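Take a look at this single chain in structure tokens; it is the form predicted alone.
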């Protein structure tokens, strides 16, 4: 019997005395590609924190990769879980003073003794693996460059190379294309999906036009609750307008996104 990647049952998360996430039931199968969309404060990042054990639910059960996250989560359980969960974030997620190669090797820390990580003395096999990962995302020529000298798109490619080295079972990406131009965003999406082949991928998406590139299933969050859970092909403009429309302005949406055709065209010449 296949163990689901994620099972949430009766989950309620609180912050500042109010419920910020309420999910009666959610199941994600192994290998699914899921996008999470919603307005600022809808609960998207809270959901990711919940799945990594950084946030404890006030009520309900959380199961990730077959592990029940009963808080306080034992340290050993957290370490085991985080070896199997990879993350790509929108903010500062690389160590700027380290080289690109050294940042990618961070993905191997779950497999090597602690002293090797502290001294950055990685086994030859891990170095070969990291170089191959950099080659696959087109960054091998920058392996010796300090991470703080990379462009935004290059930083995300380095983060994806780190995922390839880590080889997690679950990948959580929090707005991985934020602040990237359409071409760079499309390339990062392509590489992220490629890295997630056979794994479960959950991506918080800030630009709905990227949904066809990243997901097969889309979950819309509104005020901490699931507004819809649909195949990507059924998520149309009307569905998104209802999700993003302010409650006090039923006739007018406050968001506007570029045409999906522009994003798709940006990768039309990519291999």
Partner chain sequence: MAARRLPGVSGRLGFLGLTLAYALLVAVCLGSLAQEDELSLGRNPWANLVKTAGEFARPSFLDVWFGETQLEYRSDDGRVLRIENRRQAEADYLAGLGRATWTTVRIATLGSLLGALLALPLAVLTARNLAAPKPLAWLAKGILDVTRSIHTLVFGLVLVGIVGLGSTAGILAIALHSSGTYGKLFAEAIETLDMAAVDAVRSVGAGPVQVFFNAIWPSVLPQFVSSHLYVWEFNIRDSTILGLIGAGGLGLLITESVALFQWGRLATVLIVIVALVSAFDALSRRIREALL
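Since this is a predicted model, take the numbers as computed values, not measurements. Positions refer to the first chain, counted from 1.
Omitted here: the form predicted together with its partner chain. The next part is about that form.
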* Asked: Looking at 161-169, 127-135, 196-204, 182-190, which one sits within 4.5 Å of its partner chain in the model of the complex if you count heavy atoms only?
  -> 161-169
* To do: May I ask whether 79, 93 and 112 all come within 4.5 angstroms of its partner chain in the model of the complex, judged by heavy atoms?
  => yes
* Closest heavy atom of residue 120 to its partner chain in the model of the complex, within 4.5 Å or not? -> yes
* With the cut-off set at 4.5 Å between non-hydrogen atoms, does residue 87 touch its partner chain in the model of the complex? -> yes
* To do: Answer for residue 106 alone: is it within 4.5 Å of its partner chain in the model of the complex, judged on heavy atom distances?
  => yes
* Non-hydrogen atom contact residue 149 with its partner chain in the model of the complex at 4.5 angstroms -> yes
* To do: With its partner chain left out of view, choose which of 142, 178, 73, 98 has a non-hydrogen atom within 4.5 angstroms of it in the model of the complex.
  => 98
